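Okay, so here's just one chain, in structure tokens, the form predicted on its own.
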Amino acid sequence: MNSNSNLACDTCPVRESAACASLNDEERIKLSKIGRHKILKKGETLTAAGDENTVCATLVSGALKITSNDRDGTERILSLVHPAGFVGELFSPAVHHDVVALTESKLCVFSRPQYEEIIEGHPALALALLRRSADDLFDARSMMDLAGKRSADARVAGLIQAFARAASHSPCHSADTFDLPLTRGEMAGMLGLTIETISRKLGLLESDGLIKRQGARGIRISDHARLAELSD
């Protein structure tokens, strides 16, 4: 895990969408003094279950997964974190889940105790984090609900829709193009399917004209309406 320079809020690409958007310029400066950038390479861990809970972070670019492991060591992806997302278990002495980079990821990392002090003095930031936590909880439940759908077609279509919503900068419209944040194996594990089924269903979505695959991970949605209908 590499450390970079101090925060540069004026040029931050998630300045207007992260929880800290609720702060004024003076308050941002105060927050920036307790944080610094960190770069995680793909597969690197920010925090692991059982660690002393000392940091929290805002994701600037890249993608993260929050995971737990069963007794037999099988990984379960609980949720995904996209740019402007917040990670960290505030007001808890220990970490309960792993936070791992899916791709090279840039984060604004803060001392958890110091961040909590700022939250206590800035109700607008606390409210923004509460709203984001509610949205994240809804997204996580929606992801988990996909595995309960009867058909593999509906599961895969629903997951593609979820990725498109997460990749969009608009709360009203899903992205038309994006990169898959998960491998075929991770998608299979999340949906309770096999890797072969995931590959086959993606191929069918493409041959039916709903999506177009672009390279190893790129997806372009050609028909949002039909994809939504299939996922129901």
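Just count from 1 along the sequence shown to find any residue number. Between two forms, the rigid core is defined as the largest C-alpha subset superposing within 1.5 Å. Model, not experiment: these values are computed from the prediction.
There is also a form predicted in complex with a further copy of the same chain; it is not shown, and the following applies to it.
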Does a further copy of the same chain get within 4.5 angstroms of any non-hydrogen atom of residue 162 in the predicted complex? no
Is there any non-hydrogen atom of residue 89 lying within 4.5 Å of a further copy of the same chain in the predicted complex? yes
Contact flag, residue 97 vs a further copy of the same chain in the predicted complex, heavy atom cut 4.5 Å: yes
Any non-hydrogen atom of residue 104 within 4.5 angstroms of a further copy of the same chain in the predicted complex: no
Position in contact with a further copy of the same chain when the complex is considered in the predicted complex, options 68, 183, 54, 61, heavy atoms within 4.5 Å: 68
Heavy atoms within 4.5 Å of a further copy of the same chain in the predicted complex is the criterion; list the residues of 114 to 151 that meet it. 119, 120, 123, 126, 127, 129, 130, 131, 133, 134, 136, 137, 138, 140, 141, 143, 144, 145, 148, 149, 150
Is the shift of residue 191 between this form and the one not shown large enough to count as movement, that is, does its C-alpha move by 2 Å or more after the core is superposed? yes
With both forms fit on the core, has residue 155 moved 2 Å or more by CA between this form and the one not shown? yes
Would one find the Cα atoms of residue 192 and residue 95 closer or farther in the predicted complex than in this form, where their distance changes by 3 Å or more? closer
